[in-house]
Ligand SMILES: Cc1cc2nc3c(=O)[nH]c(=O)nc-3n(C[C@H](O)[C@H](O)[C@H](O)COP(=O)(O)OP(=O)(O)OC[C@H]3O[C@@H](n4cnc5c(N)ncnc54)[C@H](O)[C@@H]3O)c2cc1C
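Listed next as C-alpha cells is one chain, alone, in the form predicted alone.
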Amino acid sequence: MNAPLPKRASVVIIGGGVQGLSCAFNLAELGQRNILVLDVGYWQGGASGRNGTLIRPGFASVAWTELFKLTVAEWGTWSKRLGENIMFTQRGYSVVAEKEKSAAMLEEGLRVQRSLGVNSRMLTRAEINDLLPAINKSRVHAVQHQPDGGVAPHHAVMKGLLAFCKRNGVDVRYRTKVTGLERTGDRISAVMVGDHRIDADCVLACAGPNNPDIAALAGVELNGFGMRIEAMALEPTRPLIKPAIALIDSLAYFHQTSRGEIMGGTEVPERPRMSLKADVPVMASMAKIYLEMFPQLGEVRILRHWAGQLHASSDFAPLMGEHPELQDFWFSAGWSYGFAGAPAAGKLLAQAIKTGQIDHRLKPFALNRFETTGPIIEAGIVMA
C-alpha cells in the first residue's frame, strides 16, 4: 500500500512517462532531493508505451540538430548511468526522399549536420542496394544515412528509468491525478491532489497530451493542439530492413525489431484528434505504403495496431522552459519526437531548474518563441 502523499516537495513533476522520468533521473544525478512524480495514468500507459522508438541525431535546422545530437549522445550513456540495460542499438537511421524537392532538403540538412559535427552522409546507389536491399528502388530518389541513429525499446527504457528513480529516493506515484495548482503572486506554489495540498518550490509539467490542461489549472495558456497518431506491428519475418527508416514524402517511419517484426506508422490527419481508437482506414494507409516501398511484405500479416496521443506545438517543435507568465512553472511539452528527445530534454531542463542557467540548446524552444524569435522551421520531421 502506498504511503500518504507528502505535504511538500522541492520539485513536483507532473507526468511519469519518459519525459518526466528523464527529468527526475537527471535532477537526482545533480543532487536534487525531495522529487515527487505524479501521473494520472498507469505506468507506460501514455505515449511512452505507444511510440515508434526511433532515434536520430540529424535534422534540417540548427536548433533541432543541436538538440538531437545531444540526445543521441545521452542515449549512449543511459545504460551505464541507470544501471539497467535500455537496449539502445545504433543500427543507423536512413531518411528516404521519394521526390527531388525532398532530396534537395536532405542535401541542405546534411550541410547543417556536418557543420555541427553529426556523422551523416548521402548514400550512393551501391550503398542503398547494400543497406536497403529490399526497398523499392524505383521509388527512391535519395537517401541520407545517419550511422549513429537507431532504436531503443520503450519497455526497457521505462524499466531502467523507474528502477533508477526508486533506488535514488524519487517518489513516483501513478494513478494520481493533479486536480489543482496554486499561485502565490507571480509564481507557482502548490499542487493539489483532491483535497491534499503539496507545497512545491518548482513544478515541471511533462504530461504529454494533458499539458494544456495542466497549464489551464494555473490560469495560463500553452501553445499547441492535440493529435492522435497510430502505429502497427507486422508478424515476424526474416531480416529485411537493417536501419531505422523515415520516408519523408510518404510520412512513414519504421524499423525491424530483434524479433523480426516490422514496427512503425504513417502520419495521416485524423478526426477526432484526441482518442485512443485505432481506425481501419489509417491501418490500410500504412499497409499501402509498406507494400509500395517493401513489396516483399505483401504476404506478411498485421499483428497489432494501436493509437496514441500527443500535444504538438504549432511548429511541431518542443516547448521547453519556464512559463513566461509564471515563475517556477516549467514545461517539457509540444513534442512530436518526445521519446527520442527525452534524454536531452531531461538533461537540459534539470540543469536549468537546478542551476538557473539556460543552455543555448534549450533557448530556441522557449514557450514564448512565437512572440519573440518566431517559430522553428524544420523540414526534416515526419509529421502530417
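Throughout, we count residues from 1 along the sequence that is shown. Owing to the predicted nature of the structure, the values given are computational and were not obtained by experimental measurement.
The same protein also has a form predicted in complex with the named molecule, omitted here; what follows describes it.
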Wondering, does G338 line up within 4.5 Å of the named molecule in the predicted complex on heavy atoms? yes
Item to check | Contact of L367 with the named molecule in the predicted complex (heavy atom, 4.5 Å) | outcome: no
**Request:** Examine G109 and determine whether its closest non-hydrogen atom to the named molecule in the predicted complex is within 4.5 angstroms.
**Result:** no
Residue-level contact is defined here as any heavy atom of the residue lying within 4.5 Å of the named molecule in the predicted complex; does A24 satisfy this criterion? no
Residues A63, P147 and Q256 are flagged as a possible site; in the predicted complex, is every one of them within 4.5 Å of the named molecule by some non-hydrogen atom? no
In the predicted complex, the residue from P318, P57, G46, G346 with a non-hydrogen atom within 4.5 Å of the named molecule is G46
Residue within 4.5 Å of the named molecule in the predicted complex by heavy atom, from K177, R183, K99, R121, is K177
Assert contact_stretch over 203-211, 78-86, 110-118, 130-138 against the named molecule in the predicted complex, heavy atom within 4.5 Å, equals 203-211
Those residues of 3-21 with a non-hydrogen atom no more than 4.5 Å from the named molecule in the predicted complex are I14, G15, G16, G17, V18, Q19, G20
